[in-house]
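Coming up is one lone chain in structure tokens, specifically the form predicted alone.
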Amino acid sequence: MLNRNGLLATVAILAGMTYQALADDFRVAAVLPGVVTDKSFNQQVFEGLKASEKLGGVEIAYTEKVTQAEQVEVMSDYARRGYNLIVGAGGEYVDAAKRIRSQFPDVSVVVLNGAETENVTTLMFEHEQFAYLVGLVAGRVSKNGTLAALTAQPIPAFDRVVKGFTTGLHVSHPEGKVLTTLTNDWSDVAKAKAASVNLISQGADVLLPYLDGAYLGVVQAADEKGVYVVGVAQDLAVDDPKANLFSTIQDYGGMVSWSVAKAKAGELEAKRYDFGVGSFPNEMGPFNDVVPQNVRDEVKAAVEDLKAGKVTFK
């Protein structure tokens, strides 16, 4: 796991480099499943890409709304045009990343939230940790111990989210359960809302969206039906402080800019890097007023337990 001190040390090293060391153009492209204005995952990736320009000598590009069928074509085009680093924004880019690396071995390829893949750099938040914290809060507030989690496609990151969410829930509801569903679309708000209403009809009173722009449909459904949402990757209180119970914040922008800095310095390896709770600052959003102080204190203690490796996920 990379801790915050390690990240700050990397920044310090880069800050100490001469401009000459960073002068050569380093070209980075991100391939995105959604749009950079979604106020969610895609926007975070884009902001991290923009932040990497501050290194100096970094040229960036991106392509939005890339379907699975288009991934190889778009990534190959960037590789042929001489881009040094290509970022596949999501676990669904694993197969395309493998093909690009085999065809263009001199191009570095990063996949966010993907399964560990040979010759590919995988950047992964330790989703169990973040989801455990929101599961703790959701379990304490839930009336019946039935929670729900939604995503678009079956990816390893979501499996890890569900595992952590369920473990957190079981602290207060040992027999509680987490319902799951796939919307088959990362950005379709209407589909996400309809799926959320269905989960609420099955008894779920706290929902966790693991989506791109479609997360808004989950928030809307929760608000209208009088239940709550928790966020594991972004602060849902920004959109609806009444429906948001508690959110953790995974800084994908920081993750992307970190990888660009490492790659430009020739230090990024084709392996998996894990970022746990404490890797980046500002990882916690505000609590809803309905969350008691003792639960807030429980979350604070749980953060320290997670950092110390004291939590076992089942």
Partner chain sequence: MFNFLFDAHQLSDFLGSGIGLSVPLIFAAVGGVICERAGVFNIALEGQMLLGALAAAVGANLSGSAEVGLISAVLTGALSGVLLSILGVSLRGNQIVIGLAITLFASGFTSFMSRVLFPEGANSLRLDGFRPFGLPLLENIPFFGKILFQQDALFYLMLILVAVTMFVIYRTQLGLSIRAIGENPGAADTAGVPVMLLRYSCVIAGSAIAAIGGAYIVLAQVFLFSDNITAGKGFIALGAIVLGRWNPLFATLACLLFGVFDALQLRMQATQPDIPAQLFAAMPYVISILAFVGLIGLVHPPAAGGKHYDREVR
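These figures come from a predicted structure and were not determined experimentally. Positions refer to the first chain, counted from 1.
Another form, the form predicted together with the partner chain, is not on view; read the next lines as being about it.
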{"property": "Selected contact from E92, D185, D205, D235, since only one has a non-hydrogen atom within 4.5 angstroms of the partner chain in the model of the complex", "result": "D185"}
{"property": "Single option in L136, I86, L199, A96 placed near the partner chain in the model of the complex, where near means a heavy atom within 4.5 Å", "result": "L199"}
{"property": "Partner contact for E64 in the model of the complex: the partner chain, 4.5 angstroms, heavy atom", "result": "yes"}
{"property": "The partner chain contact at K39 in the model of the complex, heavy atom, 4.5 Å", "result": "yes"}
{"property": "Contact label in the model of the complex: G82 to the partner chain, heavy atom within 4.5 Å", "result": "no"}
{"property": "4.5 angstroms heavy atom contact with the partner chain in the model of the complex for V162", "result": "no"}
{"property": "Heavy atom contact within 4.5 Å of the partner chain in the model of the complex, the stretch among 172 to 180, 108 to 116, 125 to 133, 72 to 80", "result": "172 to 180"}
{"property": "Residues in 192 to 220 with any heavy atom within 4.5 Å of the partner chain in the model of the complex", "result": "K193, A194, A195, N198, L199, S201, Q202, L216, Q220"}
